[in-house]
Every structure is written in structure tokens, then in C-alpha cells.
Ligand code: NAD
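Coming up is one lone chain in C-alpha cells, specifically the form predicted on its own.
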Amino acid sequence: MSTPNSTPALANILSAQQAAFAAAGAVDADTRRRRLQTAIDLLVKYHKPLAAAMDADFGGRHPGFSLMNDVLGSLASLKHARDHFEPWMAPDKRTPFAPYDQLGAEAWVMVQPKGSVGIIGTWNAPLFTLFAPLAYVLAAGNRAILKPSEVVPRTAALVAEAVSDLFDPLEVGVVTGGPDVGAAFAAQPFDHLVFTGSTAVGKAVMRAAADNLVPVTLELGGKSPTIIGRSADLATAAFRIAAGKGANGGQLCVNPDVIYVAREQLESFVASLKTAFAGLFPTAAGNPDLTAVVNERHLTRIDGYVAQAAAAGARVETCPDGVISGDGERRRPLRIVIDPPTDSAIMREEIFGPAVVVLGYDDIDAVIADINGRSRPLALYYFGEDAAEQQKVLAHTLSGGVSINEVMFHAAMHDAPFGGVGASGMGRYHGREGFLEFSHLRTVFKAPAYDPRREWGMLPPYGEHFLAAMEAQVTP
């Protein structure tokens, strides 16, 4: 079966899925489990060619990293959903209001699938951003249409081939294509829409979805801050941040973006960060362990941020040390940009690549104020052993999620919701909360045989005591 990449074909698949959903009625546990298992089988069957496709698309991405981040990460979500969803399906009994609670009335909340869900993935984690939400979409009993990112065309084509191989398109389909197809995708009357990507594109997706009143789950990003408290072990913090910054060449939505370090500890921290990163990546150019920047456009963007900050007076440290290679090489060492001007692009825009900002601070309250003066980030990180300071940071900031004394680990929790807030997104997937995100919670009230309203004077024509009886119930 060829992969559709035109708007009419997309509309036809969606219409067929929605008709099949309506005809099938309730989606039992066996059907949901079979669909989840099919997605698992797909990744197991195609894991090697998918890893090779991602390596080729990035121009250098270690197959082991692709397996860990995208294949195993997706499998973990799918298996968690498969092994836990059935109790989540059960109706939730509720207590009817008085006096019907005493008269034999019943009430419950049905947890029903919504129908057909569109999932727009992104290039930086091209499998995970499709299959992790798909896990909870299928667990909730929905059908789905996937739109892989065109920035990684080999991976997108292989996803389409694999899905076509194992799935009936009435259950899970794929459409491929560029921004025009993405715009058409967001404009379809899905029953729910999931988008992973930039805040700017997320706004466009939400505007398009609004025309059909389609609910959206947006997993965006932002400048995720990292606070190094004075009580932190600098070497440990530096190593864990270095490992996080090195993952996928810094091209992850929960990557640490701005690091706040006490001013008197700044030089020691920078030295520790350089040592830790160089220990993980002794060289940059040609190093198969270091993921390349995905394309020339993004490379130019990141290099431009660093160059502009340097021209404006910021200090830039590079690790590992050495000349940045040209000649088509898109691997870059980590550039540490220290105290850039507040109006520089690297302070305004999400870096999404192998660079990081380090800012010195004198007082933790000033750090909190600076974080709160920015858009809400997808992640926040705190390093330190001061329990009171840790609680202050948690209580006075807002972010999609938090890791303490580590970076990015909260996003790997399968039994806890993952998502953003404000400019970093809305909605969530993972765990029971993800299951509920893609479910309709439908209240059902079943009346008793006996209805006392007329004999109690609660129906027209109202008697002389009706108003007084109502007023008597207006109490604090």
C-alpha cells in the first residue's frame, strides 16, 4: 500500500477511521491489547533499519543511542500501557445527589475512547514522539494517524512502510510530506490532535485545530533552566549536565538550556563541566558517539546564536578544545556561553543544540525571579542538598516537570504524566493521566423508579410554600 501524502487521501483515511470507530462501538480490552502488541512487534521487527535510517538522516547518530532513546523509549511506553490499561477502563462509580442517593439512583463515569487521533511527530526524537503518545492513544481505545517529520525523510518513509506492513490503516495509518501536509493535517477534524515541536508551530497547530474545535495535546519546549545551589556537589552536577547536554547533540526538548551558578562558584563549575564533557566526548569532529546537528539550517542557527553572543562580549568556552571542523561536518563541541547580554538571541530562543548558557548569581531569589520572568519551561532542574532551598524553588516556579540532582530523568517516568505548561505546551501523556488525556469521561445518571418531585411541590404549578422552601436552603 502506498503512503498517502495528499490532503484528499488524508481526509479519506480519517473519514474511514471515524466511520469504522462508530460502527464498531465499544472497544474491548483484547482489541486494545492487540493493537498495542502490534506496535510493539513493529518496533522489534524494524529496529535495525530504523536505527540506520536515523543515523543517515542526522548525518551521524549512533545506532545504539537511537535504539536507547527512540526504540526502547517507545517500547517502554507501549509495554507500560499494555500491562496497565485494563483497570483504567473500569467505570468509576459516583454518589448521586440528595435525595436521589437515598431513593435507589445510580451514577458512574464511563471512560470512552474519543475516536481517531492525529499525532504529529518531530525530527529530534522521530520515533518516540510518535509511538510514546500512540501507546496511550491505543490503550484508550482510539485509532490513529501518524505524521512523521519531513526533516528526517528516510525515517519517515520507513515508519510509513512499517505501519503499512503490520497495521490495518483503519486502525493506524501514516501520512508523509512537508509543511503543506503538516498544515493540512492540523486542519482535519480529528477527535484529538497531538503535536510535538516548537512553540511557534504549536500556536499554528492550535489555531488550525480550533476551526474544528479539536482538543490538542501540545508538547513544545522552551529554555529549561538548571539551578546549581551552593550546597550542590559541583563535579557531580557538572557530569550529569554534561551527559544531558551530550545526549542527541543537545537536540532534546527537555535539554538544560540555561544554567544558574553562584558567582563565586562559576569558574569551578565551568572547569568541571568542560572536564566532564571532554571525558564523554574527547573529540567532536567524526566522533560516532556524538550526534550531529540534524541539518545545515539548524547548524547555522546554533552557530549564529553563539557568534552573536561572543560579538556582544560574552565569554565562550569550548569543550573538547579544538578547531570546529568545516567541510560538511555537523558535529559540534559544546559551546559554554557565559553571561551573554540579556537581549542576545541565545538568551531569548531555545538553543536546541550543542551550546549552553551559564549565568552567575548572587541570590537564589533573583534566579527564581529571572525564571518566572520568562515563558514557562518544559523542564526545570535543581542541584543541591539544601532542603529548604529546594522546596523554595519548587514552590515558587512552574514548569512542565522537574528533576532534582539530575536532568531529563522525569521525562522517562512511564507511571507519571509528561507534558508542558503555558508556552511549553498543554496536556500530557504517559501513565494513567495519558490514558485519560485521550479518553472521554462521560457521566451517566440512572434514575430510580420513584420520583418525589411532584408530591414535594418541586414542579409547576408551584405552591405557596415553594419559594420559602428554596430560600431556607440558601445557607453558608
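Heads up: residue numbers just count along the shown sequence, starting at 1. What you see is a predicted model, and the numbers here were worked out from it, not measured in a lab.
What comes next is about the form predicted in complex with this ligand, which is not displayed.
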Which of these residues, P354, G173, P377, P148, gets a heavy atom within 4.5 Å of this ligand in the model of the complex? P148
Of the residues S198, N287, Q308, Q112, which one places a heavy atom within 4.5 Å of this ligand in the model of the complex? S198
Partner contact check in the model of the complex: of 357-365, 279-287, 199-207, 232-240, the stretch with a heavy atom within 4.5 Å of this ligand is 199-207
Going by a heavy atom distance of 4.5 Å, is C253 a contact of this ligand in the model of the complex? yes
Can E350 be called a contact residue for this ligand in the model of the complex at 4.5 Å between heavy atoms? yes
Close approach of I120 to this ligand in the model of the complex, 4.5 Å, heavy atom: yes
Given that the partner is absent here, does S116 sit within 4.5 Å of this ligand in the model of the complex, heavy atoms only? no
Those residues of 176-197 with a non-hydrogen atom no more than 4.5 Å from this ligand in the model of the complex are G177, G178, P179, G182, A183, A186, F195, T196, G197
